[in-house]
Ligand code: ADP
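Let's start with one chain on its own, the form predicted on its own, as structure tokens.
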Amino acid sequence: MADAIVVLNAGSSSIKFSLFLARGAELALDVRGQIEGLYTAPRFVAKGRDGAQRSEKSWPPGTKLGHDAALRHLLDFLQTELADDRLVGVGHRVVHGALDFREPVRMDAAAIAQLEKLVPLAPLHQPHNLAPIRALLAAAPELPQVACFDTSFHRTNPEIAQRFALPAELHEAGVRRYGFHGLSYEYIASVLPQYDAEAASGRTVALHLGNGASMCALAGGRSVASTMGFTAVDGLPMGTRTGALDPGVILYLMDERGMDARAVERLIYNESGLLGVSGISSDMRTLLGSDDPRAQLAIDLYCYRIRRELGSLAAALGGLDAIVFTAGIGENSPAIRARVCRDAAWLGVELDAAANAQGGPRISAAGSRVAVWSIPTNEELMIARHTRRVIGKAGARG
């Protein structure tokens, strides 16, 4: 019998899960999957570590399954899967921990209440992240649950990097740069020594390029600056998010276009980015395969902003030893990696085209002054590790 940890990542219309089994000191992925389309056309699929399908179920179109019913279906599936193993805890990805949660924490009613107060900081993510925690606390209060935060890794940023040029009262009230994708960057920092000891102890910029996109400056494996700020809409253009936007634009939209806060929210989170610029798609694969000039414009803007931010983060580090690409686009798009590296030639980046086409992991030429890597991220494993550690500490205290 092995100890098992389930990792949940709940979004507005889906619940993604991963099941890890403890094999000595290691955690091995056993099965992963998701329930998507919770309020339109729900579909459940689970696959083993070999990619083979373990289970599948679809509900009729128009079914509003909801998070609670989806969680019950998932728990029934896991109970069958864990017939010979023991579930010892559940880990959750929670987008915002603000200043109160600087590391993963065991969940109870008091912690939930604290995290609910942070909903205004991440209104499109936080409520959904908390929904399964609340449901499991009610259904199985004895089951340990651990929340892991996308903001925690960036709490090592110096105070100056966290400040906006706003009155001190607002800064002390929590209006500051938090940074996100921290679990992804934490994982990259944890495995980078296996690839490049010099980069791990030196100055590295990691690029988490997916539907959500950001960049992080790492000094000796610690976050010192990030492109995302108070919310996860800042920084780079993303699939449907604007990235950095002059706040005067929002005032203009409200004053001259009559848009209220919810309309502006839809615009900057759901109708902009690659989708808004191209008018075609939020998917980089679709844009790269299109000969429409609008698709090319969206790609050009995306890469231009990466170029600008890379220079900014290299300045924050006082130099650059390595670049790491990760996440969906970063790991799987040789074309985008090539564009970024070409734009970074002034920093001493020389691309090995053949290595890049093959996916790396090292994609820089032998003589490149800056090493460039493509390293898969694993936020789920990071959450599972944290969950086991926190549960272990609680057990030791008990």
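From a predicted model like this one, the values you see are computed outputs, not experimental measurements. Counting begins at 1, following the sequence as shown.
A second form of this protein, the form predicted together with the ligand, is not displayed here; the remarks below concern that form.
- Only one of Asp283, Glu103, Glu116, Asp108 lies close to the ligand in the predicted complex, with a heavy atom inside 4.5 Å, and it is Asp283.
- The listed set Gly210, Pro144, Gly221, Gly276 contains one residue whose heavy atoms approach the ligand in the predicted complex to within 4.5 Å, identified as Gly210.
- Contact with the ligand in the predicted complex holds for none of Pro132, Arg385 and Thr387, as no heavy atom of theirs lies within 4.5 Å.
- Comment: 330-338 is the region of 42-50, 22-30, 330-338, 358-366 lying near the ligand in the predicted complex, near meaning a non-hydrogen atom within 4.5 Å.
- Contact annotation for Leu288: at least one heavy atom lies within 4.5 Å of the ligand in the predicted complex.
- Counting a residue when any of its non-hydrogen atoms is within 4.5 Å of the ligand in the predicted complex, the one hit in 8-46 is Lys16.
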